[in-house]
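Just the one chain here, laid out as C-alpha coordinates, in the form predicted on its own.
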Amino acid sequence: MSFDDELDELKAREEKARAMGGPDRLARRDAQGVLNARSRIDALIDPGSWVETGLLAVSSIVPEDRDRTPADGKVAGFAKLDGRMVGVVSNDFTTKGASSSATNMKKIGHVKRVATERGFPLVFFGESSGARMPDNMGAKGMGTNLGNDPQQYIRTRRTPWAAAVLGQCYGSSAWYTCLADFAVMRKGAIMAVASPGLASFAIGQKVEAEDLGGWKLHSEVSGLVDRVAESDEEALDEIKRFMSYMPSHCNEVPPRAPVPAGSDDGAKRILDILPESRKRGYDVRKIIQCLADTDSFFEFKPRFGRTAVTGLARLGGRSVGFIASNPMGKAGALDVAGCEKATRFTVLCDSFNLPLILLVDTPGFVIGIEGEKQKAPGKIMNFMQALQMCTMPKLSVIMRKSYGQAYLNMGGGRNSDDVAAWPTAEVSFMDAHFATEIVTWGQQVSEADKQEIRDRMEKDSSAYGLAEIFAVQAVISPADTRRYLIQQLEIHELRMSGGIGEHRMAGWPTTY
(Lines give C-alpha, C1' and ligand atoms only; values in the text may rest on other atoms or scores of the structure.)
Protein backbone atom coordinates (compact mmCIF):
# COMPACT_ATOMS: atom_id res chain seq x y z
CA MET A 1 0.00 0.00 0.00
CA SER A 2 1.14 3.52 -0.69
CA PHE A 3 1.40 6.14 2.03
CA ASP A 4 -1.79 7.74 0.74
CA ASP A 5 -3.63 4.42 0.88
CA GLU A 6 -2.45 3.81 4.42
CA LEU A 7 -3.50 7.28 5.52
CA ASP A 8 -6.89 6.82 3.83
CA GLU A 9 -7.39 3.58 5.73
CA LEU A 10 -6.48 5.27 9.01
CA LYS A 11 -8.97 8.07 8.30
CA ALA A 12 -11.71 5.58 7.42
CA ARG A 13 -11.15 3.62 10.63
CA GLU A 14 -11.20 6.78 12.72
CA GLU A 15 -14.41 8.00 11.08
CA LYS A 16 -16.08 4.66 11.64
CA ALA A 17 -15.09 4.69 15.32
CA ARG A 18 -16.37 8.24 15.83
CA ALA A 19 -19.68 7.32 14.17
CA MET A 20 -20.45 5.06 17.17
CA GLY A 21 -23.60 2.95 16.63
CA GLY A 22 -24.52 4.71 13.40
CA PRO A 23 -26.68 7.67 12.33
CA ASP A 24 -30.05 6.02 13.02
CA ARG A 25 -29.30 5.23 16.64
CA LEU A 26 -27.75 8.64 17.22
CA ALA A 27 -30.78 10.33 15.63
CA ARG A 28 -33.13 8.49 18.00
CA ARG A 29 -31.20 9.82 20.97
CA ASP A 30 -31.30 13.34 19.58
CA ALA A 31 -35.08 13.03 19.18
CA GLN A 32 -35.32 12.03 22.86
CA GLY A 33 -33.25 15.03 23.94
CA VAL A 34 -30.47 12.78 25.27
CA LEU A 35 -26.80 13.44 24.52
CA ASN A 36 -24.58 10.68 23.14
CA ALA A 37 -21.25 9.55 24.55
CA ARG A 38 -19.21 12.02 22.52
CA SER A 39 -21.54 15.01 22.79
CA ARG A 40 -21.48 14.57 26.57
CA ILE A 41 -17.72 14.91 26.54
CA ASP A 42 -17.91 17.97 24.28
CA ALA A 43 -20.43 19.59 26.65
CA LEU A 44 -18.14 19.05 29.66
CA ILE A 45 -14.64 19.90 28.54
CA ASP A 46 -12.80 22.98 27.32
CA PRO A 47 -13.17 23.22 23.50
CA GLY A 48 -10.35 21.68 21.51
CA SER A 49 -8.73 19.94 24.48
CA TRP A 50 -9.87 16.35 23.88
CA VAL A 51 -7.18 13.66 23.50
CA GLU A 52 -8.72 10.25 22.96
CA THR A 53 -7.16 6.94 23.89
CA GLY A 54 -8.24 3.63 22.37
CA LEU A 55 -10.22 5.14 19.48
CA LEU A 56 -9.53 2.13 17.25
CA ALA A 57 -10.23 -0.50 19.90
CA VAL A 58 -12.82 -3.18 19.08
CA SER A 59 -14.21 -6.34 20.66
CA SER A 60 -11.53 -9.01 21.03
CA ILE A 61 -13.58 -12.02 22.13
CA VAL A 62 -16.22 -12.65 19.44
CA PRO A 63 -14.72 -12.28 15.93
CA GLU A 64 -17.96 -11.24 14.24
CA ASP A 65 -18.27 -8.32 16.68
CA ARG A 66 -15.08 -6.65 15.47
CA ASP A 67 -16.87 -4.60 12.83
CA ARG A 68 -19.83 -3.82 15.12
CA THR A 69 -17.98 -2.41 18.12
CA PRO A 70 -16.45 1.00 17.30
CA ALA A 71 -14.17 2.08 20.17
CA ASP A 72 -15.59 -1.04 21.83
CA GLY A 73 -18.53 0.91 23.21
CA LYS A 74 -16.64 3.14 25.64
CA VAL A 75 -15.09 6.49 24.73
CA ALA A 76 -12.06 7.28 26.88
CA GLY A 77 -9.39 9.93 27.04
CA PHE A 78 -8.07 13.12 28.57
CA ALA A 79 -9.05 16.79 28.35
CA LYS A 80 -9.03 20.14 30.14
CA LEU A 81 -11.90 21.23 32.39
CA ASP A 82 -11.67 24.91 33.29
CA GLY A 83 -8.01 24.75 32.32
CA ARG A 84 -7.17 21.68 34.43
CA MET A 85 -6.51 18.15 33.16
CA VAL A 86 -9.15 15.46 33.74
CA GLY A 87 -9.65 11.88 32.62
CA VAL A 88 -13.03 10.96 31.10
CA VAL A 89 -14.80 7.66 30.41
CA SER A 90 -18.09 7.97 28.51
CA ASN A 91 -20.26 4.93 27.82
CA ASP A 92 -21.55 4.66 24.25
CA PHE A 93 -24.93 2.98 24.62
CA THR A 94 -25.42 2.91 20.84
CA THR A 95 -22.68 0.27 20.61
CA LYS A 96 -23.60 -3.02 22.26
CA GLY A 97 -25.32 -1.11 25.06
CA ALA A 98 -21.86 0.03 26.23
CA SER A 99 -21.48 -3.44 27.72
CA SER A 100 -18.23 -4.29 29.46
CA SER A 101 -15.68 -6.41 27.61
CA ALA A 102 -12.02 -7.28 27.81
CA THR A 103 -10.90 -4.46 25.52
CA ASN A 104 -12.94 -1.58 26.88
CA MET A 105 -12.09 -2.48 30.46
CA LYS A 106 -8.41 -2.12 29.50
CA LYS A 107 -9.23 1.39 28.27
CA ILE A 108 -10.90 2.29 31.56
CA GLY A 109 -7.96 0.85 33.49
CA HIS A 110 -5.52 2.91 31.44
CA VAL A 111 -7.36 6.20 32.04
CA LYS A 112 -7.74 5.44 35.76
CA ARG A 113 -4.07 4.57 36.10
CA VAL A 114 -2.79 7.62 34.24
CA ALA A 115 -5.10 10.02 36.09
CA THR A 116 -4.21 8.56 39.47
CA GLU A 117 -0.46 8.41 38.90
CA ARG A 118 -0.23 11.81 37.20
CA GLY A 119 -2.58 13.55 39.63
CA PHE A 120 -5.81 14.70 38.02
CA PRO A 121 -9.53 13.95 38.48
CA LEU A 122 -11.68 11.33 36.77
CA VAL A 123 -15.19 11.71 35.35
CA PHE A 124 -17.44 8.75 34.50
CA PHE A 125 -20.56 9.05 32.34
CA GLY A 126 -22.62 6.02 33.30
CA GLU A 127 -24.94 4.34 30.81
CA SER A 128 -24.28 0.64 30.37
CA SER A 129 -26.20 -2.61 30.08
CA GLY A 130 -23.62 -4.42 32.21
CA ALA A 131 -21.35 -7.30 31.21
CA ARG A 132 -21.29 -8.23 27.51
CA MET A 133 -22.80 -11.56 26.60
CA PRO A 134 -21.59 -14.10 25.61
CA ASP A 135 -18.09 -12.66 26.12
CA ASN A 136 -18.22 -13.07 29.90
CA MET A 137 -19.76 -16.53 29.95
CA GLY A 138 -17.79 -19.62 30.89
CA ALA A 139 -14.53 -20.00 32.76
CA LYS A 140 -12.42 -18.47 29.99
CA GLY A 141 -14.83 -15.56 29.62
CA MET A 142 -14.67 -14.81 33.32
CA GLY A 143 -10.91 -15.28 33.50
CA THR A 144 -10.34 -13.01 30.52
CA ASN A 145 -12.82 -10.23 31.26
CA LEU A 146 -12.82 -9.92 35.03
CA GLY A 147 -9.08 -10.25 35.57
CA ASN A 148 -7.76 -7.32 33.57
CA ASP A 149 -7.14 -4.94 36.44
CA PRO A 150 -6.55 -6.27 39.96
CA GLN A 151 -7.08 -2.74 41.33
CA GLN A 152 -10.17 -1.98 39.24
CA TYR A 153 -12.35 -1.09 42.20
CA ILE A 154 -9.87 0.30 44.73
CA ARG A 155 -10.51 3.86 45.96
CA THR A 156 -7.62 5.45 47.76
CA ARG A 157 -8.87 8.97 46.99
CA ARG A 158 -5.64 10.20 45.46
CA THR A 159 -7.65 12.25 42.95
CA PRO A 160 -11.31 13.31 42.96
CA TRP A 161 -13.83 11.18 41.06
CA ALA A 162 -17.19 12.35 39.74
CA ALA A 163 -19.88 10.27 38.06
CA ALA A 164 -23.14 10.94 36.23
CA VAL A 165 -25.94 8.37 35.90
CA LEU A 166 -27.37 9.28 32.51
CA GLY A 167 -29.30 6.20 31.40
CA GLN A 168 -29.41 2.52 32.27
CA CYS A 169 -26.51 1.89 34.64
CA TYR A 170 -25.89 -1.76 35.47
CA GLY A 171 -22.70 -3.58 36.42
CA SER A 172 -19.47 -1.60 36.26
CA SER A 173 -21.14 1.75 35.47
CA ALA A 174 -23.04 1.38 38.76
CA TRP A 175 -19.85 0.32 40.57
CA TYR A 176 -17.93 3.42 39.45
CA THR A 177 -20.81 5.66 40.45
CA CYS A 178 -20.76 4.18 43.95
CA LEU A 179 -16.98 4.64 44.16
CA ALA A 180 -17.11 8.30 43.09
CA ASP A 181 -16.78 11.22 45.48
CA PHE A 182 -19.68 12.97 43.76
CA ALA A 183 -22.56 11.42 41.84
CA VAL A 184 -25.35 13.14 39.94
CA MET A 185 -28.34 11.32 38.41
CA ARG A 186 -30.61 12.46 35.60
CA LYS A 187 -34.30 11.90 36.14
CA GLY A 188 -35.40 8.92 34.07
CA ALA A 189 -32.06 7.15 34.45
CA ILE A 190 -31.76 3.85 36.34
CA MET A 191 -28.90 2.48 38.46
CA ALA A 192 -28.92 -1.06 39.85
CA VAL A 193 -26.83 -4.20 40.18
CA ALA A 194 -28.64 -5.75 37.21
CA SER A 195 -31.46 -4.90 34.81
CA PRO A 196 -35.17 -5.08 35.77
CA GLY A 197 -35.54 -8.07 33.44
CA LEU A 198 -32.84 -10.08 35.20
CA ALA A 199 -34.06 -8.97 38.63
CA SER A 200 -37.65 -9.95 37.75
CA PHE A 201 -36.49 -13.39 36.62
CA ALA A 202 -34.30 -13.87 39.69
CA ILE A 203 -37.01 -13.13 42.27
CA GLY A 204 -39.97 -14.48 40.32
CA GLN A 205 -42.00 -11.26 40.17
CA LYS A 206 -42.11 -8.24 37.89
CA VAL A 207 -39.84 -5.41 38.98
CA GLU A 208 -40.37 -1.89 37.68
CA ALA A 209 -37.22 -0.02 36.69
CA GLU A 210 -37.97 3.07 38.81
CA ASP A 211 -38.61 0.92 41.88
CA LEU A 212 -35.39 -0.99 41.30
CA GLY A 213 -33.07 1.97 40.85
CA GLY A 214 -34.77 5.26 39.97
CA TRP A 215 -33.72 8.73 41.05
CA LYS A 216 -36.13 8.89 43.98
CA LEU A 217 -34.74 5.65 45.42
CA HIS A 218 -31.11 6.76 45.18
CA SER A 219 -31.60 10.38 46.22
CA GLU A 220 -34.02 9.75 49.10
CA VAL A 221 -33.55 6.17 50.35
CA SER A 222 -30.14 4.72 49.45
CA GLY A 223 -28.30 8.06 49.39
CA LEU A 224 -26.03 6.81 46.62
CA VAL A 225 -26.39 9.97 44.53
CA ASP A 226 -25.60 13.49 45.68
CA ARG A 227 -27.64 15.55 43.24
CA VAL A 228 -30.53 15.04 40.79
CA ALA A 229 -30.66 16.74 37.38
CA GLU A 230 -33.44 17.30 34.86
CA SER A 231 -31.23 16.82 31.79
CA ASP A 232 -27.83 15.61 30.64
CA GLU A 233 -26.66 19.19 30.28
CA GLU A 234 -27.68 20.05 33.84
CA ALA A 235 -25.90 16.94 35.15
CA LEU A 236 -22.68 17.99 33.40
CA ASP A 237 -22.97 21.47 34.88
CA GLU A 238 -23.24 19.88 38.34
CA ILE A 239 -19.98 18.00 37.75
CA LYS A 240 -18.27 21.20 36.61
CA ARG A 241 -19.42 22.94 39.77
CA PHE A 242 -18.23 20.11 42.01
CA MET A 243 -14.81 20.11 40.38
CA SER A 244 -14.48 23.88 40.88
CA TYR A 245 -14.19 23.32 44.67
CA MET A 246 -11.73 20.44 44.44
CA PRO A 247 -7.95 20.21 44.07
CA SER A 248 -6.65 18.16 41.16
CA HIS A 249 -5.14 15.64 43.58
CA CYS A 250 -4.78 14.97 47.29
CA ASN A 251 -1.41 16.69 47.60
CA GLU A 252 -2.70 20.02 46.36
CA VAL A 253 -4.85 22.62 48.10
CA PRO A 254 -8.23 23.48 46.54
CA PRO A 255 -8.27 26.50 44.21
CA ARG A 256 -9.07 29.90 45.69
CA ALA A 257 -11.85 32.02 44.18
CA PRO A 258 -12.56 35.75 44.22
CA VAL A 259 -14.94 36.82 46.98
CA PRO A 260 -18.16 38.22 45.47
CA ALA A 261 -19.08 41.74 46.49
CA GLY A 262 -21.53 41.88 49.38
CA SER A 263 -20.57 38.48 50.84
CA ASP A 264 -20.01 40.02 54.29
CA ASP A 265 -23.54 41.41 54.47
CA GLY A 266 -25.35 38.10 54.86
CA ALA A 267 -24.37 37.45 58.48
CA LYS A 268 -26.36 40.50 59.53
CA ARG A 269 -29.55 38.64 58.53
CA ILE A 270 -29.02 35.59 60.77
CA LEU A 271 -31.20 36.85 63.61
CA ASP A 272 -34.01 37.40 61.10
CA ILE A 273 -33.86 33.65 60.37
CA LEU A 274 -33.17 32.21 63.84
CA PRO A 275 -36.40 32.05 65.91
CA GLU A 276 -36.31 33.40 69.46
CA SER A 277 -38.20 30.32 70.65
CA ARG A 278 -35.91 27.29 70.88
CA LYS A 279 -38.91 25.08 70.09
CA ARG A 280 -39.35 26.53 66.62
CA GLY A 281 -37.57 25.15 63.59
CA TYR A 282 -35.82 27.01 60.77
CA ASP A 283 -34.00 26.17 57.56
CA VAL A 284 -30.31 25.92 58.40
CA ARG A 285 -29.47 26.26 54.70
CA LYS A 286 -30.38 29.92 55.04
CA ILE A 287 -27.86 30.26 57.88
CA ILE A 288 -25.15 28.64 55.75
CA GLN A 289 -25.95 31.00 52.88
CA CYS A 290 -25.57 33.94 55.27
CA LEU A 291 -22.10 32.75 56.26
CA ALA A 292 -20.68 31.51 52.95
CA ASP A 293 -19.47 33.63 50.06
CA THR A 294 -22.46 34.73 47.99
CA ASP A 295 -24.01 31.93 45.88
CA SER A 296 -21.22 29.51 46.76
CA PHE A 297 -23.13 26.88 48.78
CA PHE A 298 -23.39 23.57 46.87
CA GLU A 299 -25.46 21.06 48.82
CA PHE A 300 -24.88 17.29 48.84
CA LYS A 301 -27.73 14.77 49.22
CA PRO A 302 -30.50 17.32 49.93
CA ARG A 303 -33.19 14.60 49.87
CA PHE A 304 -31.31 12.05 51.99
CA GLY A 305 -30.50 12.19 55.70
CA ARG A 306 -32.56 15.35 56.17
CA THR A 307 -31.57 15.66 59.84
CA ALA A 308 -28.25 17.09 58.63
CA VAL A 309 -27.23 19.40 55.80
CA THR A 310 -23.89 18.89 54.06
CA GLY A 311 -22.27 20.76 51.22
CA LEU A 312 -19.30 22.58 49.78
CA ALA A 313 -18.99 26.36 49.90
CA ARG A 314 -16.42 29.12 50.04
CA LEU A 315 -15.46 31.32 52.96
CA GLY A 316 -13.31 34.28 52.01
CA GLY A 317 -12.54 32.51 48.74
CA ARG A 318 -11.43 29.24 50.38
CA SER A 319 -13.19 25.94 49.61
CA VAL A 320 -14.72 24.50 52.80
CA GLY A 321 -17.23 21.85 53.78
CA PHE A 322 -20.30 22.46 55.93
CA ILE A 323 -22.04 19.92 58.18
CA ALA A 324 -25.05 21.49 59.86
CA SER A 325 -27.85 20.27 62.10
CA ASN A 326 -31.19 20.69 60.35
CA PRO A 327 -34.04 21.57 62.74
CA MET A 328 -36.50 21.07 59.85
CA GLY A 329 -35.73 17.33 59.90
CA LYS A 330 -36.70 15.55 63.13
CA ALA A 331 -35.90 18.74 65.05
CA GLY A 332 -32.24 18.25 64.11
CA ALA A 333 -31.87 14.95 65.99
CA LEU A 334 -29.34 12.93 63.99
CA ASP A 335 -30.64 9.64 62.59
CA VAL A 336 -28.81 6.80 60.83
CA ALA A 337 -29.07 8.40 57.41
CA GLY A 338 -27.86 11.73 58.78
CA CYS A 339 -24.84 10.03 60.35
CA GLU A 340 -23.99 8.22 57.11
CA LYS A 341 -24.26 11.44 55.17
CA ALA A 342 -22.07 13.36 57.62
CA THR A 343 -19.48 10.57 57.76
CA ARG A 344 -19.07 10.29 54.02
CA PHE A 345 -18.81 14.06 53.69
CA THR A 346 -16.17 14.23 56.44
CA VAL A 347 -14.10 11.63 54.56
CA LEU A 348 -14.35 13.69 51.37
CA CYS A 349 -13.20 16.87 53.09
CA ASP A 350 -10.29 15.19 54.84
CA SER A 351 -9.17 13.40 51.67
CA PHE A 352 -9.03 16.56 49.57
CA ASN A 353 -7.81 19.19 52.04
CA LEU A 354 -11.08 20.98 52.76
CA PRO A 355 -11.53 22.56 56.21
CA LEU A 356 -14.77 21.53 57.93
CA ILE A 357 -17.35 23.89 59.47
CA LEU A 358 -19.93 22.35 61.85
CA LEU A 359 -23.07 24.29 62.73
CA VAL A 360 -24.74 22.74 65.77
CA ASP A 361 -28.38 22.70 66.83
CA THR A 362 -29.28 19.15 67.80
CA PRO A 363 -31.15 17.54 70.72
CA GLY A 364 -29.10 14.37 70.23
CA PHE A 365 -29.73 11.21 68.24
CA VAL A 366 -33.00 9.68 67.10
CA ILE A 367 -33.57 6.67 69.35
CA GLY A 368 -35.94 3.72 69.07
CA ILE A 369 -36.33 0.26 67.59
CA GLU A 370 -35.97 1.29 63.94
CA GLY A 371 -32.69 3.05 64.61
CA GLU A 372 -31.27 0.03 66.41
CA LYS A 373 -32.29 -2.22 63.50
CA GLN A 374 -30.33 0.09 61.23
CA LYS A 375 -27.22 -0.22 63.45
CA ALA A 376 -27.52 3.27 64.92
CA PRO A 377 -24.73 2.80 67.52
CA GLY A 378 -22.32 1.72 64.79
CA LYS A 379 -23.29 4.60 62.50
CA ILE A 380 -22.85 7.09 65.35
CA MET A 381 -19.38 5.72 66.04
CA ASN A 382 -18.47 5.75 62.33
CA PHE A 383 -19.26 9.46 62.31
CA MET A 384 -17.38 9.99 65.56
CA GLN A 385 -14.31 8.13 64.32
CA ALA A 386 -14.32 9.98 61.01
CA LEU A 387 -14.45 13.33 62.79
CA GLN A 388 -11.63 12.39 65.15
CA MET A 389 -9.50 11.01 62.32
CA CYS A 390 -10.03 14.11 60.19
CA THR A 391 -6.77 16.07 60.09
CA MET A 392 -8.09 19.17 58.35
CA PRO A 393 -9.04 22.23 60.44
CA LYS A 394 -12.45 21.74 62.10
CA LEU A 395 -14.45 24.69 63.40
CA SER A 396 -17.72 24.32 65.31
CA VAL A 397 -20.37 26.89 66.09
CA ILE A 398 -23.03 25.93 68.65
CA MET A 399 -26.10 27.87 67.55
CA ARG A 400 -28.74 26.46 69.89
CA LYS A 401 -29.03 22.94 71.35
CA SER A 402 -26.11 20.55 71.71
CA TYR A 403 -27.02 17.52 73.81
CA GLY A 404 -25.42 14.23 74.82
CA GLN A 405 -23.12 12.24 72.54
CA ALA A 406 -24.14 14.48 69.64
CA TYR A 407 -22.23 17.28 71.41
CA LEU A 408 -19.06 15.29 70.69
CA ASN A 409 -20.11 14.17 67.20
CA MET A 410 -20.65 17.79 66.20
CA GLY A 411 -17.23 18.93 67.38
CA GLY A 412 -17.63 19.58 71.10
CA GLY A 413 -15.19 18.27 73.71
CA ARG A 414 -12.12 19.32 71.68
CA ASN A 415 -13.25 17.34 68.65
CA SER A 416 -12.93 20.60 66.73
CA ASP A 417 -9.89 22.84 66.62
CA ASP A 418 -12.00 25.79 67.70
CA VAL A 419 -15.51 25.87 69.18
CA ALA A 420 -17.55 29.05 69.37
CA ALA A 421 -21.06 29.47 70.73
CA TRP A 422 -23.82 31.96 70.17
CA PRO A 423 -25.50 33.44 73.28
CA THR A 424 -28.50 31.28 72.30
CA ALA A 425 -26.50 28.06 72.85
CA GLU A 426 -27.76 25.44 75.29
CA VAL A 427 -25.55 22.47 76.18
CA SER A 428 -26.37 19.53 78.42
CA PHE A 429 -26.55 15.76 78.47
CA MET A 430 -30.19 15.87 77.41
CA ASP A 431 -33.22 18.14 77.39
CA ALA A 432 -34.13 19.03 80.99
CA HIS A 433 -37.73 17.91 80.50
CA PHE A 434 -36.68 14.41 79.39
CA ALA A 435 -33.97 14.22 82.06
CA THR A 436 -36.58 14.93 84.74
CA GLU A 437 -38.84 12.18 83.42
CA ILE A 438 -35.94 9.72 83.42
CA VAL A 439 -34.83 10.36 87.01
CA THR A 440 -38.43 10.19 88.27
CA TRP A 441 -39.38 7.16 86.17
CA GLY A 442 -41.73 4.87 88.10
CA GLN A 443 -41.92 7.19 91.11
CA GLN A 444 -44.84 9.10 92.55
CA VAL A 445 -43.55 12.65 92.17
CA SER A 446 -45.65 15.81 92.29
CA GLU A 447 -45.52 18.31 89.47
CA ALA A 448 -44.01 20.87 91.84
CA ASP A 449 -41.18 18.47 92.71
CA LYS A 450 -40.68 17.72 89.02
CA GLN A 451 -40.40 21.43 88.30
CA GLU A 452 -37.77 21.79 91.03
CA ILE A 453 -35.78 18.91 89.50
CA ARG A 454 -36.22 20.45 86.05
CA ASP A 455 -34.90 23.79 87.29
CA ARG A 456 -31.80 22.07 88.68
CA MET A 457 -31.31 20.20 85.41
CA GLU A 458 -31.40 23.45 83.44
CA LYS A 459 -28.75 25.09 85.61
CA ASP A 460 -25.56 26.18 83.85
CA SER A 461 -26.55 24.92 80.40
CA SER A 462 -25.81 28.27 78.78
CA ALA A 463 -22.94 29.25 76.51
CA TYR A 464 -21.38 31.17 79.39
CA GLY A 465 -21.05 28.01 81.46
CA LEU A 466 -18.96 26.52 78.65
CA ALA A 467 -16.92 29.70 78.24
CA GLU A 468 -16.07 29.84 81.95
CA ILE A 469 -14.34 26.45 81.81
CA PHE A 470 -12.87 27.10 78.34
CA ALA A 471 -14.97 24.37 76.73
CA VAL A 472 -15.66 26.95 74.04
CA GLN A 473 -13.03 29.38 72.86
CA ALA A 474 -15.44 32.25 72.35
CA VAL A 475 -19.05 33.36 72.68
CA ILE A 476 -19.87 35.42 69.63
CA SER A 477 -22.76 37.34 68.16
CA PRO A 478 -24.36 35.53 65.18
CA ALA A 479 -23.63 38.61 63.07
CA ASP A 480 -19.89 38.17 63.74
CA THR A 481 -19.80 34.48 62.78
CA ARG A 482 -18.60 34.82 59.19
CA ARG A 483 -15.75 37.13 60.20
CA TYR A 484 -14.84 34.82 63.10
CA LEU A 485 -14.75 31.71 60.89
CA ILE A 486 -12.58 33.40 58.26
CA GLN A 487 -10.16 34.49 60.98
CA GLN A 488 -10.04 30.99 62.46
CA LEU A 489 -9.41 29.43 59.04
CA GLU A 490 -6.37 31.67 58.74
CA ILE A 491 -5.20 30.82 62.26
CA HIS A 492 -5.60 27.06 61.80
CA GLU A 493 -4.17 26.85 58.29
CA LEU A 494 -1.81 23.86 57.97
CA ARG A 495 1.27 25.94 57.21
CA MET A 496 3.91 23.30 57.91
CA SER A 497 2.38 20.89 55.37
CA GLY A 498 1.38 23.51 52.83
CA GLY A 499 -2.30 23.06 53.63
CA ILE A 500 -2.25 19.29 53.05
CA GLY A 501 -3.85 16.94 55.58
CA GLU A 502 -2.72 13.44 56.51
CA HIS A 503 -5.55 11.71 54.58
CA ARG A 504 -6.01 9.05 57.23
CA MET A 505 -9.36 8.03 55.72
CA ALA A 506 -8.26 7.79 52.08
CA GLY A 507 -9.25 4.13 51.96
CA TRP A 508 -12.50 4.49 53.93
CA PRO A 509 -15.31 2.53 52.18
CA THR A 510 -17.37 4.72 49.89
CA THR A 511 -20.61 3.15 51.25
CA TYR A 512 -21.14 1.19 54.45
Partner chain sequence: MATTQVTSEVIGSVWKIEKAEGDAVAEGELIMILESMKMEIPVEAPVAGTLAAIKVKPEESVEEDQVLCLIES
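Positions refer to the first chain, counted from 1. Quantities reported herein were computed from a predicted structural model and do not represent experimental measurements.
The same protein also exists as the form predicted in complex with the partner chain; that form is not shown, yet it is the one meant from here on.
Only one segment in the set 301-309, 389-397, 240-248, 344-352 has any non-hydrogen atom within 4.5 angstroms of the partner chain in the predicted bound form, and it is 301-309. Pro327 is the sole member of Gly213, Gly87, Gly338, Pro327 with a non-hydrogen atom within 4.5 Å of the partner chain in the predicted bound form.
The listed set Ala313, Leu81, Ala174, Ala333 contains one residue whose heavy atoms approach the partner chain in the predicted bound form to within 4.5 Å, identified as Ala333. Taking the partner from the other structure, the partner chain in the predicted bound form has no heavy atom within 4.5 Å of any heavy atom of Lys206. Using a 4.5 angstroms threshold between heavy atoms, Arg285 counts as touching the partner chain in the predicted bound form. Mapping the unseen interface onto this chain, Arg118 falls outside it, with no heavy atom inside 4.5 Å of the partner chain in the predicted bound form. Though the partner is left out of this view, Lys373 does not reach within 4.5 Å of the partner chain in the predicted bound form, counting heavy atoms only. Along 225-263, a non-hydrogen atom within 4.5 Å of the partner chain in the predicted bound form is carried by no residue at all.
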